[in-house]
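Coming up is one lone chain in structure tokens, specifically the form predicted alone.
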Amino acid sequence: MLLDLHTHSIKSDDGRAKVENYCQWIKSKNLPIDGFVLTEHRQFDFESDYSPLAEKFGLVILKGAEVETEYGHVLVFGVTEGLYKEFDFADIKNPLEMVLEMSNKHGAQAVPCHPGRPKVGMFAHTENLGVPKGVEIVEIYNGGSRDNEDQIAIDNAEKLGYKGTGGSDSHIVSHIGRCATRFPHDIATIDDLVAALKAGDFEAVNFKHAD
């Protein structure tokens, strides 16, 4: 099963894609992904119910978040009301180790994203700040990466023993599915996703070369 673990809709301040349009694009272009996770910036969308769209298009549509830390941006999967109260998702200077610790405390999984990117990627800061404790997974394939950003992520993940995920980081409809994460078992709920991530049962996939 293939899921794009990093997407943004119009709920994000810089997102220009409606969720239904993502679904239409995936089906019209016969993209190989089975669903996607909406990781809106600096928030968690408790209100939206995408189950009617998921049923209509035969896709899995889950929700996560993308928060900001002193090490750069981090995806959080498995956000609960309890976790949401632990720290300010809108803060742009959350301590990464705290985000990791609180995510684990509440049964969620935090994944530093585009870690090879200048300024907003984790590996841009490890030389000055050191290697943070608690990281287990990083995003190694990002649909918006340039130059050698993904390679920096891959090399550092291998050196530090991190598992790697893939996500498109799409902000417009046509970018969804550029990268994804393959799971050997069905993922139907966010709990399924978190369990698979914690078990290390996945691999990152890069479709960008097919553009």
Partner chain sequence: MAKEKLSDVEFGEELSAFEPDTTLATGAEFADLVGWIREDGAKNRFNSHEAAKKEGLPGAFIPGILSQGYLVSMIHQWAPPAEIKKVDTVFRSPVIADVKHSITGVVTDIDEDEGLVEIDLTVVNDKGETRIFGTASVRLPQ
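Note that the structure is a prediction, hence the values are computed from the model and not measured. Positions refer to the first chain, counted from 1.
This next part talks about the form predicted in complex with its partner chain, which is not shown.
For residue 24, a non-hydrogen atom is located within 4.5 Å of its partner chain in the predicted bound form, even though that partner is not displayed. When contacts are judged by a 4.5 Å heavy atom cut-off, residue 147 counts as touching its partner chain in the predicted bound form.
Under a 4.5 angstroms non-hydrogen atom cutoff, its partner chain in the predicted bound form lacks residue 31 among its neighbouring residues. A residue is said to contact a partner when one of its heavy atoms sits within 4.5 Å of a partner heavy atom; residue 182 fails this definition for its partner chain in the predicted bound form, lying far away. Partner contacts here mean any heavy atom within 4.5 Å of its partner chain in the predicted bound form, and among 31 to 39, 156 to 164, 45 to 53, 171 to 179 they occur only in 171 to 179.
Taking a 4.5 Å heavy atom cutoff to its partner chain in the predicted bound form, the contacting residues in 1 to 19 are 14, 16, 18.
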